[in-house]
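Here we start with a single chain on its own, the form predicted on its own, put down as structure tokens.
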Amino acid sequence: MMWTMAFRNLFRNKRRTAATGAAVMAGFIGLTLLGGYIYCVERGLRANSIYLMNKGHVTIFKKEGLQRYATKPSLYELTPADQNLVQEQLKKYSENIDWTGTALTGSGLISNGVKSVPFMAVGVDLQTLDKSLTHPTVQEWAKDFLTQDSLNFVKAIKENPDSISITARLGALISRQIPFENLPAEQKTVQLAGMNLYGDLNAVDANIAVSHTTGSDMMEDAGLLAPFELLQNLYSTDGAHYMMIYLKDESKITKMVSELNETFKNQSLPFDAYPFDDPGISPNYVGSMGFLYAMAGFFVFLICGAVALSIVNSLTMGILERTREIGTFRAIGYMPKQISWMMTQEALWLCVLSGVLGIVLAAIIVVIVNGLYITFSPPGVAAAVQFTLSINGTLVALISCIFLLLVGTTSYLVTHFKLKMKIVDLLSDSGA
């Protein structure tokens, strides 16, 4: 009965209802689109870090290897025996592990026979390269970080184990232009030179097969991706820098890392496990998302403040206009709490109707914006990416709850404090 009466009261002053509803609707649209954009960015950066940057959901280093490997690689590498010990500890998580991989990192010089420039290399096992580049998550969220021919890298390695992938900018520094597959055979052959893990100079021949992007503008001048075995030959080792664990259920990352580190500590095993979103593992992901979350918090505060002020203004004007009506309700036995709840119901109806319309309009905007394929170059990102929006059901539900709570609480408090006048004063008031 009261809900029906509250709904009908919305149309008593259509202009004010429309103005207040527009404010609520604009808030829904703004937060839905902002949340959708942040969701798309987060999923893209997450996929890039886990799969394309070859970090895995969980990364395992020799103890203190994350911090000290660059200075003493021979002391902090994961030997084959170390890798076997880690695999033993991973058996109890086998149901949730998609696959595990190994990676080796290092630096050196790449030479075309005339000119040499520095590179920063990552060597990854073939299984990880194959599954990462073609993973559905990458295809859905991180396709902007894939070059046209990067998907051919695994095929190139199978044909020639000495194949490498370098960034377009690193190729330009040694006078090699993309697409690399069109280069003459003699121009594809390069030499990689560097200090091995024991301090001796070593060099290997390599074949430029495809190009890729690191996703980071800072690394684009030196990015080199190679087969794991090729870098092992270059750095004269049979070990790895770190191991990657790829999970089926991402929600169990934190629990797995905590349990692994506890196991390593209790059994005195010299290993450390890190989640992919650790600042030392994925600084680009952590920094970018930290900025976006701070920005989102600021806009949520502004939007919620504007909506609350609109509700306060609308209810205050409504109470002034309906003073005698409120006095009549009081006179026939309605308590102030009941009247406050009735007027709160009006605000909640307005919130629901405005929210539904706002979500529909947000969905239309998402379809239009994504269809226009707008690209831009974010700071620190090597290539232009598509400006993508999304409607996420969980975020919509959360935003709806926030608005209902905000509108309901604001409405009830405003009406509660405004209805403390005596019944006689209410009935005798001439209204606004």
Partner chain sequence: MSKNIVLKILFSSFFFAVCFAQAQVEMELLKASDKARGSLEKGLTWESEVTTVEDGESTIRKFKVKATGVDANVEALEPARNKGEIYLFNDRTMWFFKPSLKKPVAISSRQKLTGQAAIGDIASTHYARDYNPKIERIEKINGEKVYVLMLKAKANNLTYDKIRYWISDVSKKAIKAEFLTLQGKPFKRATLEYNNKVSSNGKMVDFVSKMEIVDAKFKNNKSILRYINPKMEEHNKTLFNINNLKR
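None of these values were measured; they are calculated from a predicted model. Positions refer to the first chain, counted from 1.
Absent from the display: the form predicted in complex with its partner chain. The rest refers to it.
Each of G113, S116 and D200 is positioned with at least one heavy atom within 4.5 Å of its partner chain in the predicted complex. Although the partner is absent here, E95 sits far enough away that none of its heavy atoms falls within 4.5 Å of its partner chain in the predicted complex. When its partner chain is considered in the predicted complex, E186 lines it closely, a heavy atom lying within 4.5 Å. Among heavy atoms of L292, none comes within 4.5 Å of its partner chain in the predicted complex. When its partner chain is considered in the predicted complex, Q191 lines it closely, a heavy atom lying within 4.5 Å.
The listed set K72, K158, K131, K265 contains one residue whose heavy atoms approach its partner chain in the predicted complex to within 4.5 Å, identified as K72. A heavy atom within 4.5 Å of its partner chain in the predicted complex is found for one listed residue only; from E229, D144, D249, D205, this is D205.
Stretch 104-112 is the answer when you ask which of 269-277, 164-172, 104-112, 309-317 has residues with heavy atoms within 4.5 Å of its partner chain in the predicted complex.
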